[in-house]
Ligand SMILES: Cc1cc2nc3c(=O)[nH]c(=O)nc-3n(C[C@H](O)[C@H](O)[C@H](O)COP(=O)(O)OP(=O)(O)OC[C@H]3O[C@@H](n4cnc5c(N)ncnc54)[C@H](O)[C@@H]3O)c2cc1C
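Next up is one chain by itself, shown in structure tokens, the form predicted on its own.
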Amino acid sequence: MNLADRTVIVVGGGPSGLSAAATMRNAGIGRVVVVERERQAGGIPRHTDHLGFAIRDLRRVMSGPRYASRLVDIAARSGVELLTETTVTDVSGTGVTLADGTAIHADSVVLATGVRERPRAARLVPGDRPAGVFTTGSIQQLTALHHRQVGRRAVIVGAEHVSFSAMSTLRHGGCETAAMVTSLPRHQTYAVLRMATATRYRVPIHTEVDVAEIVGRRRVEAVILTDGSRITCDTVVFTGDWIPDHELARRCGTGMDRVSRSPAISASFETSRPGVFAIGNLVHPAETADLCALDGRVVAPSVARWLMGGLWPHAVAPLAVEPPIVWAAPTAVGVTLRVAEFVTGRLQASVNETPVWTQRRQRFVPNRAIHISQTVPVGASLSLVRGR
């Protein structure tokens, strides 16, 4: 059997899934089906209406909605079948089962289910349960897709890249940001992004505090912080604190990274379940859309090799890391990792406690992507040697 006789199902129609599907079709795989639960494919960029997309994969600068539309168009013109408003409830190496009980056979499955922010309930924030509590994704959908105003005065919980993006979304929708709140000693975004948002609009950033309580009956009235201060607002937006949409990966029995909550993968995006691959923000929460799209391009040759009789790895396990590194995972451009604290030092890979390479000294920031272009040998452990 050649590639033209093979079928691959991609679960998730965001940048990684669409790019994987188009690349696999162009590589000669006969049938590629993308299954997307939303009404339209394209993923988060559909409702992220600002510039900065498509830089690394399409080599241009686009808005989120235009980028999403472009990826859908590329997939469609490549002959990819798009099933929208369709939910997958189970996955195996031989196909998927849909919510209506329909089974679709496939020779391989690529999981590209993406990532979401933890809502208030998952963060166990006490207080009343009024209206006016959102995540960044929900305010983007309400503002960009439904043209609704979410509130008039908001408190943003978080101070990473997406938190400042939320501030821009709120302002575009006519909502003032009263304050940002972070448990860390300082914000985690780039200085230029802070200058363009929080500094420009004179938004105070409360550091080393959390939200202790949300106050309000029908609608949010205020938040009380752990330092005892009270901020009057009618809207609370929880940002960041990413968690992968990993339910299908768990259900089909793939090995998991217990910290990132992602399926463990090899450098070729194979999971521990033969025939099942995982890509995008499902395995490295959360990277930019264009890097996720590059994952899709890189996984295509791996899927083709498997379909042509290639061997599956005997063991797939998460990359070993030492604190303050919290997790690390392969990407299309090498390895990405996260740290738990602000620290200066040098990244080092060791095998049996013997260093095999050491990078130059740099400053590491939590909640920010850290990329390694060097190869991490099988069995190696990543550590951070502190020091200025």
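Numbers for residues come from their place in the sequence shown, where the first is 1. The structure presented is a predicted model; accordingly, all values stated were derived computationally and were not measured.
The discussion below concerns the form predicted in complex with this ligand, not included here.
S.K.: Since exactly one of V33, V339, L347, I44 fits, which has a heavy atom within 4.5 Å of this ligand in the predicted complex?
M.R.: Of the candidates V33, V339, L347, I44, I44 is the one lying within 4.5 Å of this ligand in the predicted complex.
S.K.: Within 4.5 Å, heavy atoms only, which of A178, V115, L294, V96 is in contact with this ligand in the predicted complex?
M.R.: Residue within 4.5 Å of the partner: V115.
S.K.: Based on heavy atom distances of at most 4.5 Å to this ligand in the predicted complex, which listed stretch, 119-127, 282-290, 223-231, 210-218, is the contact stretch?
M.R.: Partner-contacting stretch among the options: 282-290.
S.K.: Is R70 close enough to this ligand in the predicted complex to count, meaning some heavy atom within 4.5 Å?
M.R.: No.
S.K.: Under a 4.5 Å heavy atom criterion, is T136 part of the interface with this ligand in the predicted complex?
M.R.: Output for T136 is yes: heavy atoms within 4.5 Å of this ligand.
S.K.: H50 versus this ligand, in the predicted complex: is there a non-hydrogen atom within 4.5 Å?
M.R.: Result yes; H50 sits at the interface with this ligand in the predicted complex.
S.K.: Residue-level contact is defined here as any heavy atom of the residue lying within 4.5 Å of this ligand in the predicted complex; does A304 satisfy this criterion?
M.R.: A304: no, not in contact with this ligand in the predicted complex.
S.K.: Going through 6-38 from first to last, which residues have a non-hydrogen atom within 4.5 Å of this ligand in the predicted complex?
M.R.: Read in sequence order, the residues that approach this ligand (within 4.5 Å, in the predicted complex) are V11, G12, G13, G14, P15, S16, G17, V35, E36, R37, E38.
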